[in-house]
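Only one chain comes next, encoded as structure tokens, the form predicted alone.
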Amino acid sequence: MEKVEVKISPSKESKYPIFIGENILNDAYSYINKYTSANKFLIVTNETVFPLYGDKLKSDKSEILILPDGEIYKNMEILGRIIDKALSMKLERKDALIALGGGVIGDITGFAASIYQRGIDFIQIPTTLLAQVDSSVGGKVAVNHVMGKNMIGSFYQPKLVLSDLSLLKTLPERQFKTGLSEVLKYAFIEKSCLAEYDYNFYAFLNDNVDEILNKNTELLKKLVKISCELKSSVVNKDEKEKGLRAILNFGHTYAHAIEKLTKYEKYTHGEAVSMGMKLIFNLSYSLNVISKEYYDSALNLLKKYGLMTEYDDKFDKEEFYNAMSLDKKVSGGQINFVLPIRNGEVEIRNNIDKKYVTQGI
């Protein structure tokens, strides 16, 4: 069992643990009851996850809400279903919502918890690699709007996160690789995340491709732990994305535009991120910011893991640029890009000429 502690501020109320290990779900309430005094729990899950794991969380204190599966359902209408269910259960402020699922379930459940009675307890039980290494950590909760991804949301931290590695064994290959996109993101930004210590996560991922793809338990445990430590180190310093936390959006400015223009139906989030990372490496290289050696090495790492870096869509460059302009990462009317500058390091730049931004779109 591994434990990572997220420390948003020195106050006790702003600290919470991430537990990482096998078969945690079998004993979930022994962890949950240590960090919340809830009398009732609303478990929010989806139609894919519920048949696999829903029974493990059933109790005389809980009820389960099963939602449809997919990014297109991360919207205000589905949010309303969660609120309606919480009201019908007469949940009180001391009670809790439990998110059992991937990033979509975690995001929408966390947002519901943040606004129901001005905030009730919230527990994350991520069932995908992407959620375990990224979306369950840091308190970003939101729903999508037709004009942009995650445009309606808040920052709301969970009471704890339970990352059960045994759940990854049932993940379809596509979903596993979706999570690996976010894992590789940390390798590209690690030195900017945690300047005081260098994991050399890039080398770890480069040296253990086959074992990770074969879901070696010990390597997955290390991979999830390092990813959580890197993200929490950033969140601890900048909870509400006023500066440093923006580096976690590496590749996401392009990715969110791809998702929006394909209506959140064609690609998974991780697939869009891997495409976005290739595009940001292309941009950095075209601006002569990174060396050819690093450019080739980075793209080769994406290739080694079999991540999707190409799309077959014919996007209009102006439409694509406008989609990026509606992203949350726009400031003062300018799009902020997290550019790679050398191995493991990035920096935020704006005012980049549109012709470079849309080159190759």
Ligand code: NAD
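Note that residue numbering follows the sequence shown and begins at 1. Not measured: the values here are computed from a predicted model.
This protein has a second form, the form predicted together with this ligand, left out of what is shown; the following refers to that one.
Student: Only one of Val49, Leu42, Ala323, Ala298 comes within 4.5 Å of this ligand in the predicted bound form by heavy atoms, so just point that one out.
Tutor: Partner contact (heavy atom, 4.5 Å) among the options: Val49.
Student: Tell me, out of Ile226, Ile290, Leu167, Val161, which residue has a non-hydrogen atom within 4.5 angstroms of this ligand in the predicted bound form.
Tutor: In short, Leu167.
Student: Counting only non-hydrogen atoms, which stretch in 298-306, 65-73, 311-319, 28-36 is within 4.5 Å of this ligand in the predicted bound form?
Tutor: After filtering at 4.5 Å, what remains is 65-73.
Student: Do all of Thr253, Glu271 and Gly276 end up near this ligand in the predicted bound form, with near meaning a heavy atom within 4.5 Å?
Tutor: No: no residue has a heavy atom within 4.5 Å of the partner.
Student: So in the predicted bound form, is this ligand close enough to Ser181 to count as touching (4.5 Å, heavy atoms)?
Tutor: Answer no; every heavy atom of Ser181 is more than 4.5 Å from this ligand in the predicted bound form.
Student: Does Asp107 reach this ligand in the predicted bound form if we count a contact as any heavy atom within 4.5 Å?
Tutor: Yes, Asp107 is a contact residue.
Student: Report yes if any heavy atom of Lys140 sits within 4.5 Å of a heavy atom of this ligand in the predicted bound form; otherwise report no.
Tutor: Looking in the predicted bound form, residue contacts with this ligand include Lys140, since a heavy atom lies within 4.5 Å.
Student: Does any heavy atom of Ser135 come within 4.5 Å of a heavy atom of this ligand in the predicted bound form?
Tutor: The answer is yes: Ser135 has a heavy atom within 4.5 Å of this ligand.
Student: In sequence order, which positions of 141-157 have a non-hydrogen atom within 4.5 Å of this ligand in the predicted bound form?
Tutor: Sequence-ordered list: Lys149, Asn150.
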